[in-house]
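Shown below, as structure tokens, is a lone chain in the form predicted on its own; questions about how it binds or moves come after it.
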Amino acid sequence: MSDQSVEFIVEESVATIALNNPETLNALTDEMLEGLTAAVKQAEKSQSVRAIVLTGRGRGFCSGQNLKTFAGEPGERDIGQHLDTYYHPLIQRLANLEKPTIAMVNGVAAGAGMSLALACDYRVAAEGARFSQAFVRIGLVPDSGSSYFLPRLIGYSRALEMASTGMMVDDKTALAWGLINRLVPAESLADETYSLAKTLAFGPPLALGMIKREMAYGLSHNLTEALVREKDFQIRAAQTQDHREAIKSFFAKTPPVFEGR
């Protein structure tokens, strides 16, 4: 799938979904949001895709909603309907994917663009990347999942400060706060990102999906509940062909080949 605003490419079991409107730092339009949702659905359904990289073309990841696409006075538009129609299905689908997702952040990620990065499992950023909860600058509040993801990543106080001031967080601060997983030189961004993506793509798909759900469950449940969930998932993981393959390969001293069975 490829169109003017969103690119979809699959190579070596990794799907790249790229926002492609560099003139606006990939500011989001309805067309782009529809294209993103379609691309995520396609990656989810494709058996050949085992990891996903989300990025932006040009010198920015995504600058957020393109305000020029809203016609008329601000108070006249139904922003709630817009969120329900375009953003919420995308964020829900991206966050709930069983397949690992990586945001490859090549520049600014602001507003809903930052929300997209937060909804991914991992964030690999190039030196010079910056992050902003820019909503407050136009009298709005965080949306598209930022109020859910951000405090869980960097803590309540820092998240509140970002949301309340619209401050621009630089690359080194983002790394120190745990907002990103890795910070790499710009010229190494693709190599580092796809190295991680391929490591995940060649891992055991069923176990990786359960790990994502297990970690999310542990964030909102007590220890006893988490132990029960771990036991349930471990029983299921132990019954997979992938587990049997890994044990066999361990003793044979050969790399396992995981097939998601």
Ligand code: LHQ
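All of these numbers come straight from a predicted model, not from anything done at the bench. Start at 1 and count along the sequence shown; that's the residue number.
The form predicted in complex with the ligand exists for this protein as well; it is not shown, and the discussion that follows is about that form.
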Heavy atom within 4.5 Å of the ligand in the predicted bound form - residue from 246, 237, 25, 10: 25
Heavy atom within 4.5 Å of the ligand in the predicted bound form - residue from 205, 64, 35, 56: 64
In the predicted bound form, segment of 207-215, 25-33, 193-201, 225-233 with a heavy atom within 4.5 Å of the ligand: 25-33
Non-hydrogen atom within 4.5 angstroms of the ligand in the predicted bound form for each of 120, 172 and 175: no
4.5 angstroms heavy atom contact with the ligand in the predicted bound form for residue 134: yes
Partner contact for residue 149 in the predicted bound form: the ligand, 4.5 angstroms, heavy atom: no
Contact of residue 182 with the ligand in the predicted bound form (heavy atom, 4.5 Å): no
Proximity of residue 68 to the ligand in the predicted bound form, heavy atoms at 4.5 Å: yes
Members of 143-173 lying within 4.5 angstroms of the ligand, judged by heavy atom, in the predicted bound form: 143, 168
